[in-house]
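Just the one chain here, laid out as structure tokens, in the form predicted on its own.
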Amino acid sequence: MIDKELPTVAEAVADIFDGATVMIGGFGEAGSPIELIHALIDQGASGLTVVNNNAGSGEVGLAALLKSGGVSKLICSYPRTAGSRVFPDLYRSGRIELELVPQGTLSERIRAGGAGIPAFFTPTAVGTPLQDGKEIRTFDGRDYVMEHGLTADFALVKCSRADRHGNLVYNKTARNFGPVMATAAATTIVQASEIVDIGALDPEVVVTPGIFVSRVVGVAKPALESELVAREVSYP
């Protein structure tokens, strides 16, 4: 088996290229890979399409990535949340494109992409502006809109424990988008609070098998978005 551990977050994101599609785990603070995102800002990739549940808070993490100008398009469910001040200004000034996707549909689009399913039909968004330009079909008297599966060049994921083969365990709801994003990206990069020896993880509690993980980097004391925002930290 391949040892996938890297020594630094900078090395982990070094090959993310301009124009890449990057899925970033997290539901607000829970599961947000702050250190990997900040390393990506430092790396300087631009023209990115980012897939995330929301648009970040304050001026750290995802919000800081948006502020840096490296993101040209955001695919998300909640562009406006408490503490979201970077994205609204970018969007109103026409400096970023938004693809708005209902949360359940977003999760299923990622899951479908990881499973090799090109498209599926859902009743969500039927009769709303979100159906515009999409195929509509009727099944058993009910209309459904066709949604395409989502894949990415890279996924940035946060977990609580990992081994060097890339098997992952998450902390409760921090597993939100991480597991499906890991399956849908060509290269999955993971920051783990703890990297343990091979065999130390109970196979029954492993959520993401190492086959879906490309790189693992240890971040022993990951930053918490809420604490950074409360202190009005701005990155970089």
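Residue indices: 1-based, along the sequence shown. Since we're looking at a predicted model, the values are computed, not measured.
Below: the form predicted together with another copy of the chain, not depicted.
Proximity of residue 132 to another copy of the chain in the predicted complex: non-hydrogen atoms within 4.5 Å are absent; the residue sits far from the partner. At a distance threshold of 4.5 angstroms between non-hydrogen atoms, residue 94 is out of contact with another copy of the chain in the predicted complex.
The shortest heavy atom separation between residue 171 and another copy of the chain in the predicted complex is within 4.5 Å. Under a 4.5 angstroms non-hydrogen atom cutoff, another copy of the chain in the predicted complex has residue 175 among its neighbouring residues. Looking at 105 to 141, the residues that come within 4.5 Å of another copy of the chain in the predicted complex, counting any heavy atom, are 108, 111, 116, 117, 118, 119, 120, 121, 123, 135, 137, 139.
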